[in-house]
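A lone chain, given as structure tokens: the form predicted alone.
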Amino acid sequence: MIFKIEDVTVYFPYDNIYPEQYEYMVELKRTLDAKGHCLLEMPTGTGKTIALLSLITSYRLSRPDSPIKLVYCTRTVHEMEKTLAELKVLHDYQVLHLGTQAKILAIGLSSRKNLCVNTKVLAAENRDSVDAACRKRTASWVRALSTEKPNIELCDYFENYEKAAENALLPPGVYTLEDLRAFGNNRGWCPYFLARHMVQFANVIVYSYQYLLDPKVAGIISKELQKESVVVFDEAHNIDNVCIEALSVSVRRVTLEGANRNLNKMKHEIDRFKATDAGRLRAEYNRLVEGLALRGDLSGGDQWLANPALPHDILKEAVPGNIRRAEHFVHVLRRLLQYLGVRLDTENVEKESPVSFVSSLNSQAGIEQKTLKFCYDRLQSLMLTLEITDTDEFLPIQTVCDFATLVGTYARGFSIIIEPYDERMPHIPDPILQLSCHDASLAIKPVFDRFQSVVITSGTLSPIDLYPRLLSFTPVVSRSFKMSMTRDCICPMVLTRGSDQLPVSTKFDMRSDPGVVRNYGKLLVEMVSIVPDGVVCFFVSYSYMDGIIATWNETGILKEIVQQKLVFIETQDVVETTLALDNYRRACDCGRGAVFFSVARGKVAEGIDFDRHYGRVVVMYGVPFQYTLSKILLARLEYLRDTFQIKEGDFLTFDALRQAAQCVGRVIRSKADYGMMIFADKRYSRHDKRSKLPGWILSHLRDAHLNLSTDMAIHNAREFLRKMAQPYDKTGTMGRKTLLTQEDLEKMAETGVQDMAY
């Protein structure tokens, strides 16, 4: 359908549109007009992605004189593929109506592991090894050497891409990762470098958060993006954690041992170069004296990772004299490793600020703050000079230089925490030194400053007023949308006690109580006997899940469950979990029905949909609080309290409830779907906890469902399932339209009345 929102003609590839999609587009247009940033919470399963893509591409078409670029950030490769598939449908629809002027270039960009087509490189087992195998074949010095020694193996795809030079371009179209690989195979060009080269010409780029938020990657991939870009962070409820992880580094004993091996190898290489090619080391020294930028003149194959500090915090000056010579720099790094080794030999937990850490480093190892700041850039320069291609082998020394640069650059918003062992396993010594970032606004600030509009959107952004404070920005639009329904297809319930009236909770003092474990088990036994197809259970942690399943097994509860449905369990191994999910789906498809045990904050809770018959009920066992004794969490809470005046309790509850909402939101992925959400913990009946759930869940939570026992919950579930089995009118009844046609939108535009009843 084609309709107008003020002066923009919107091309929408479906015959009907939900009222909330239309409203979402109106708010999005306001944001783009104001050239500001916005926060939009939209319920899951209401077509958020297509609404975003339709409006922004249509907005671009209506302003041909100032074309905007769309940068769409997703969390997983699976979500990236889904977004590009939606965009393909939309693009075909726009080209059908507008002809060639609507043609755009849209690409998905991922790591070499996902884009490489060279089978020998792909044989490496993990991402770092694939990167290193690629570098061994594409680095400029390897290619130069191959002219003298023909037995050196190069990558034919990269060679062909380089030969094509300016002609290596992608024709307009929408390219998923699969399409890029197919195009690369067809032409004989390297899809990874081709995609990276095309980033500057593409109208739409879909990639991972890290490519924009992690300075090491963003400095290479995203530095050419123009200011007139609209950046969308989809599923952004955890964006503050992504920002913090991008600027945090941890160093263990293994890291220091690996870094020492790296330094020995470098020293050996330096001595070899001194004997055979001293001019190369001298040339590097002169370049550093002049303070020439390292980045500008590097070919694509040689670029590695950029500086871990944020762009505006990197000093634009010459490298300090004491680390210009290669052997001096190696000596400074040795002293740094020695100092870190001594600090790791502690018996107590230590916490200090970067300022005091740097001053004690200076007094004990004689390394100044300015020297630390340049560690990362100096290491990069040295590795290029020494022509090192085994980048995966040199990860430990990179991590140490990462740490040094960040400690030298930032005085506030960080803490250094040294723990001699993991508190959950105190008898195993495993010292770890962590540079932990507490301020999420540091990593995202350059994005807000640099781009015209940033859209942060997700199904769970409640309470929505906390995000501007955590990320310190001012949104021009901040809005939470409700879900328009023809029938109440969501049934949230709060279960506070078992059939024997004993309260249930995963509070630390109650969680191992046999009465609580028994009642949780009985709830599931009853549920699997009345609910068809799939049942999904989320627990607060792996250890709690393991413990409760073991108890259920001993008491025979698990046996009762297995008689009704098959049981599958998420583990920390990705391959095992994927296999379990596949079999769970097969069991649901063949009518046998299944139960899937999963963990809040795990992989399944973040990215797997249990739509239709794959999830008819989700049981959230407990409130998924973070491990509150974690030293890093305590330091972050203290920082949030002192800097942003956010109380510890408020932040912990907000964080736990967004995870819970994320878990239960997996059950409903479209309006034709239906499902029950059971919050099994007495704490959910408290208003201060419950009120932090998203509005679209709360609007369906009736007062009668706030304080249920197991038998009442079973009774409600039976009623709900019976009601859902009745036929219904998809377009809406009783004056409540939930599917709008083109005529409805035109009528609304004429009357100017938005009579979309919810």
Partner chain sequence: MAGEQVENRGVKYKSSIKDPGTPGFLRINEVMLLFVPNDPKSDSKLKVQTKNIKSHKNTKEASNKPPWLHLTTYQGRNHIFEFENYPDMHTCRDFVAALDKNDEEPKKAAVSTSTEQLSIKELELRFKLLKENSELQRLHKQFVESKVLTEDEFWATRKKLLGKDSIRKSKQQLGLKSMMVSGIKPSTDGRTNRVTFNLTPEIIFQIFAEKPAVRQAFINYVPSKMTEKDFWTKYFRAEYLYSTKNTAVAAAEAAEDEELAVFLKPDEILARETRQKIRRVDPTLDMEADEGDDYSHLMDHGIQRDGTMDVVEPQNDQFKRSLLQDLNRHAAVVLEGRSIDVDSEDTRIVAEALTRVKQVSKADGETTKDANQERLERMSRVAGMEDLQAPQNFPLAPLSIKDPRDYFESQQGNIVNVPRGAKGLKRNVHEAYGLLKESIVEIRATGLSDPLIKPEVSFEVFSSLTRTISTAKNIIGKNPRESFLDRLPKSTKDEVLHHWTSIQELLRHFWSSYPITTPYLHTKVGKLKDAMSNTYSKLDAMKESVQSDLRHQVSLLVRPMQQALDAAFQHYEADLQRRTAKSSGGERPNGYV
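Remember, it's a predicted structure, so these values are computed and weren't measured experimentally. Under this definition, the rigid core comprises the largest set of C-alpha atoms superposing within 1.5 Å between the forms. Residue numbers count along the first chain shown, from 1.
Another form, the form predicted together with the partner chain, is not on view; read the next lines as being about it.
Stretch 552 to 560 is the contacting one of 340 to 348, 460 to 468, 145 to 153, 552 to 560, since its residues have non-hydrogen atoms within 4.5 Å of the partner chain in the model of the complex. Proximity to the partner chain in the model of the complex, defined as a heavy atom within 4.5 Å, holds among 264, 286, 583, 101 only for 583. Between the partner chain and the residues 665, 534, 396, 184, the one pair within 4.5 Å by heavy atoms in the model of the complex involves 396. Contact check for residue 24: every heavy atom lies farther than 4.5 Å from the partner chain in the model of the complex.
Proximity of residue 255 to the partner chain in the model of the complex: non-hydrogen atoms within 4.5 Å are present. Residue 427 belongs to the set of residues with a heavy atom inside 4.5 Å of the partner chain in the model of the complex. Proximity of residue 10 to the partner chain in the model of the complex falls outside the 4.5 Å heavy atom cutoff. Using a 4.5 Å heavy atom cutoff, 113, 575 and 630 all lie near the partner chain in the model of the complex. Along 234 to 250, a non-hydrogen atom within 4.5 Å of the partner chain in the model of the complex is carried by 244, 245, 246, 248, 249, 250, in order along the sequence.
Residue displacement note: residue 567 has its CA displaced by at least 2 Å between the shown form and the other one (rigid core superposed). With the core held fixed, residue 589 shows a CA shift of 2 Å or greater between the shown form and the other one.
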